[in-house]
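In the form predicted alone, a lone chain appears below as structure tokens.
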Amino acid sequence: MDIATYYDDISQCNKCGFCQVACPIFRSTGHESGVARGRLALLRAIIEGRLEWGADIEEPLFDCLLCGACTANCFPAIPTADLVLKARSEYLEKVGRKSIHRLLFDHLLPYPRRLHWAARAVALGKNSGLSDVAQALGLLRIFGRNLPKANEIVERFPHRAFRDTNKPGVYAGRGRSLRVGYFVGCGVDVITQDAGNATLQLLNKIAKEVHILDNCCCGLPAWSYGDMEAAQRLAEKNLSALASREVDVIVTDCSSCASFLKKYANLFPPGHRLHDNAVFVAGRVRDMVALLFDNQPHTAVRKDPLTVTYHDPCHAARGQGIVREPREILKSLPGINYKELPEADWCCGGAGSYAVAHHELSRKVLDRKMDNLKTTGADILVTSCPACVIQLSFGVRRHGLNTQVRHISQLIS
């Protein structure tokens, strides 16, 4: 990777500052290094030899949420998130990967069974209070300075993984013809299993067959970190599980997974031995929200009307253009009073593992989301990304709100 290849794209920045309005990081810190204009200036300085690769540029490179809001507010539409990703990749080549990321990307995420065992260990520590003891003794600091603080983000871990209870395989549904491959994301598998169970119920109503896939992590965490080789390895492993002609569509209830799966063809350029398979798989991926919009099952009438609002995951709204569909679904549900959330597409600060790696910054971004939520008086805050569910639930607890956070599948099933 050579960021100098993209010098012309980087040079398109005219330093107008419109990105400042849209950037959650800049609005939280006020630091020029935390906005697209500042990041692009940093990349230009590196290319022009005015700045060297080194640990001192790690923070401005890696504290970007990659939410894409800057590009949406940029007149030349500079793809800053993509350019930052390429710079991160070159940073890893020149400076090196951290041991925690090698453990995660090379030894846990490619192997769901190992991930399940790791999740059980975390659940035992979290639910028994042992992790609090470890935190008090400073033992968790070996995993990074923010992990002890981030330990509070998930209130409680399930003892068993989703696919421990719902084994990969083919299950008969009550639909007429559609054969659905259910891609189970890591978040659903080990934390937000209620969402997974609701999705599975809905898929059983919609589809003739539901194939719970034996997939591993989609690769987005590695890609977001800049570890392109690890992302390719994860994608390659998934392609063998997803390329089956026995399913008509591949569905996931994680908008982040859906967005990245649709980009698999970009991981393997034309001429690569996996390119055709990647194109085939990417073309069959659908976000659960899109599937529900076209195949919404009947929902029981609620006795007590509920006020509901919606948070747009970045990988749904800007990653896939899914904005209208969830709102129309929610407005169509009986007993639902829909109220729009101010700045609904403002990142919640979760961004996968961002809330762990940049905990204090993530909380500042989340606080703005919670302040907007308070103005709606909503009984339920709905979204379509497990990482957002986790982060928003943390925000609701932290701010002492009575609002419930739910995946859209849970509201319909």
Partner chain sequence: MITDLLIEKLRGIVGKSHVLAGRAGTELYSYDASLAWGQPGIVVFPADTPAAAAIVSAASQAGVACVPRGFGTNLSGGTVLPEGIIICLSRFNRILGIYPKSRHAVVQPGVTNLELQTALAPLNFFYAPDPASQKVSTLGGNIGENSGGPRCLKYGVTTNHVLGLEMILPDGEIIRTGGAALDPPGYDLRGAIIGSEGTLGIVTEITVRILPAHAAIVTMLAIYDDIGAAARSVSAIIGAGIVPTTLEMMDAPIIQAVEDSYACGYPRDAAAVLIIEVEGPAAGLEHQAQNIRELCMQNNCREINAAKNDAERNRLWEGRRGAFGAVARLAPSYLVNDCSVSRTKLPEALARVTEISERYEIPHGNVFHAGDGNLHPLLLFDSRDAEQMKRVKKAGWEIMEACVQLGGTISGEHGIGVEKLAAMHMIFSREDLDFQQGLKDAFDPCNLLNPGKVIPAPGPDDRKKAELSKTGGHGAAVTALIQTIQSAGIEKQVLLPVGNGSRREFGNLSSEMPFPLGSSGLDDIIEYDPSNQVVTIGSGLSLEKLQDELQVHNQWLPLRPPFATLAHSLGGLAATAACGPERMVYGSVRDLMLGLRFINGRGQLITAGGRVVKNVAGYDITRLMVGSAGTLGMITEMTLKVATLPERCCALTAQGSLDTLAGAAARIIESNLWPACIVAVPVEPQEADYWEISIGFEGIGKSVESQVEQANRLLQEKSMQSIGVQDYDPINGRFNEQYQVLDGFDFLLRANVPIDQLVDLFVAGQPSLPLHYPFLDLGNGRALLGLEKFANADWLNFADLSAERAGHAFLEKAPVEFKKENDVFGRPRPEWGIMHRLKNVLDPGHIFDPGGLPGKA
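Numbering follows the first chain given and starts at 1. These numbers were taken from a predicted model, which means no experiment stands behind them.
The form predicted in complex with the partner chain exists for this protein as well; it is not shown, and the discussion that follows is about that form.
Enquirer: Looking at 34-42, 384-392, 371-379, 62-70, which one sits within 4.5 Å of the partner chain in the predicted complex if you count heavy atoms only?
Expert: Partner-contacting stretch among the options: 34-42.
Enquirer: Which listed residue (Pro76, Pro270, Gly335, Gly169) meets the criterion of a heavy atom within 4.5 Å of the partner chain in the predicted complex?
Expert: Here the answer is residue option Pro76.
Enquirer: Please state whether every one of the three residues Cys16, Leu51 and Asp56 places a non-hydrogen atom within 4.5 angstroms of the partner chain in the predicted complex.
Expert: Yes, because Cys16, Leu51 and Asp56 each have a heavy atom that approaches the partner chain to within 4.5 Å in the predicted complex.
Enquirer: Since only the chain is shown here, I'm wondering whether Asn402 would be in contact with the partner chain in the predicted complex (any heavy atom pair within 4.5 Å).
Expert: Residue-level check for Asn402: no, no contact with the partner chain.
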